Ligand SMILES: Cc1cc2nc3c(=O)[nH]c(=O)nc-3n(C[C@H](O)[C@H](O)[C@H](O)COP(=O)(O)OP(=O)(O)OC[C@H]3O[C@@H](n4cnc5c(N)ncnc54)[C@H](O)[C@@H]3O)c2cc1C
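Only one chain comes next, encoded as structure tokens, the form predicted alone.
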Amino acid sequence: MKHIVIVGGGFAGTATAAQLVQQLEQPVQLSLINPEPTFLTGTAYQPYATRLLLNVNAAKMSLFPDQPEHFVNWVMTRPQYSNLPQHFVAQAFLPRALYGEYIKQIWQQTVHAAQSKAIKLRHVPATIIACKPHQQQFLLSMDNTQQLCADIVVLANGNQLPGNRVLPDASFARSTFYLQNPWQRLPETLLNNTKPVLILGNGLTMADTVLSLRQHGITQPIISLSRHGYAMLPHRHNGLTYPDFSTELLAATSLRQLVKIVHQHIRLVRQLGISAEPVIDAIRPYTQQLWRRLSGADKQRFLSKIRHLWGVARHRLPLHIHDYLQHLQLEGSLRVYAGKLVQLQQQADGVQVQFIERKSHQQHQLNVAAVINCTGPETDWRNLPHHFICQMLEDGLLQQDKFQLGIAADVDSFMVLNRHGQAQPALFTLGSNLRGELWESTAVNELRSQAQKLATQIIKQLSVT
């Protein structure tokens, strides 16, 4: 019996397992390897902070691409939503913890479906520490001393923790007042401290962290420091769609032309008193195609000049969450700075911070209770020397993409490329690992489509081995 191992049990891993069980017509052994605390929900959908909401409306959150109303239909069976109009719920931004329950229920349904097909489906609560070739298979070693042999391996390991490159001194990463993981439970030293909290970063994770801090009774001022300090945008035009202009976009031959076309359409909607969000949403279905058509030089220009602006336009907040953050800023309990971090020095009861504002060049010094890293996931595997992916990189089983955003792969087959650029028929990946190949590869819409196609590809591979 063939053994398929999925490394990672968050959304991407669960969706892949569900699609495999749905499509398989032969018995196999199917294992998902993921530590217990983040199994199924990943970090995004855990019930740690109940005020955290999905950043897109419920209508777009089905796990199955061929059943777009699957999540909304499931929500309507919940007592707290059953008396509401379904079209209203479909446009709502629902709690992430609720979405975590949805994924867990799909897993239970997948387990029952696997049993009916004689598929041996199981969750292995461990962390992979090594993956090496072994007699036409892969030998996977885990931190619980167990080993597994796999005929096919799927790397669905998701986003990594934020990188420590933002720290002026790498040794500060060992400080008890530093939280590299913004989703971890808050330490008592922070809960009982009255000094401000410093958040590094100004994106969606910063917003989540502010909400979590307030929910857990931390009332002291919060300071956000990021390189650019761009203000986050809300979903202001929910349900408003802009006409498709993909013909113009796909006719462009350079990044400069693309930017010019997009600006032209943004000016059109602004003449009507409408902000740019519907235009950006109209681009979204084509971003992967547009990214793949760009030259290497244009991709580099995008990453250095436009990346952060695109992130602000693309990743938006529910309107009432945005209003809450604006209120915190107006009352002075949330301060947002654009600048460069100069020094972090641990004190007996906190951290002394120095940074320089970007525009005024003014130097600030303050004492904070803790520093929380919300700068986004580390993508360069060379900075994660103890991760099994780094071991696979050193062994030549895979290579990074040109921009160190993920793993080099054939995006049509999802096969991982080795150091020689050769596709490996028994090693696959999806999701955030394909960021360098596809740019947009982390939203539910992309992950569920990839999981469906990947399952089809794996079953095709099983038929020829």
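Residue numbers here begin at 1 and follow the sequence given. Every value quoted in this text rests on a predicted model; they were computed, and no experiment measured them.
Just so it is clear, the following notes concern the form predicted together with the named molecule, a form of the same protein that is not shown.
Trainee: Go through 418-426, 28-36, 63-71, 396-404 and give me the stretch that gets within 4.5 Å of the named molecule in the predicted bound form, heavy atoms only.
Mentor: After filtering at 4.5 Å, what remains is 28-36.
Trainee: Using a 4.5 Å cut on heavy atoms, which of H387, R227, K195, H322 is close to the named molecule in the predicted bound form?
Mentor: By the 4.5 Å heavy-atom cutoff, the listed residue in contact is H387.
Trainee: Taking the named molecule as it sits in the predicted bound form, is F172 near enough to touch it, meaning that at least one heavy atom pair lies within 4.5 angstroms?
Mentor: No - in the predicted bound form, heavy atoms of F172 and the named molecule never come within 4.5 Å of each other.
Trainee: Test of understanding: in the predicted bound form, would Y81 fall inside 4.5 Å of the named molecule by heavy atoms?
Mentor: No, no contact at 4.5 Å.
Trainee: Test of understanding: in the predicted bound form, would T442 fall inside 4.5 Å of the named molecule by heavy atoms?
Mentor: Answer yes; at least one heavy atom of T442 falls within 4.5 Å of the named molecule in the predicted bound form.
Trainee: Check A126 for me: does it contact the named molecule in the predicted bound form (non-hydrogen atoms, 4.5 angstroms)?
Mentor: Residue-level check for A126: yes, a contact with the named molecule.
Trainee: Would you mind checking 180-203 for residues with a heavy atom within 4.5 Å of the named molecule in the predicted bound form?
Mentor: Going through 180-203 in order - heavy atoms within 4.5 Å of the named molecule in the predicted bound form - there is one hit, W183.
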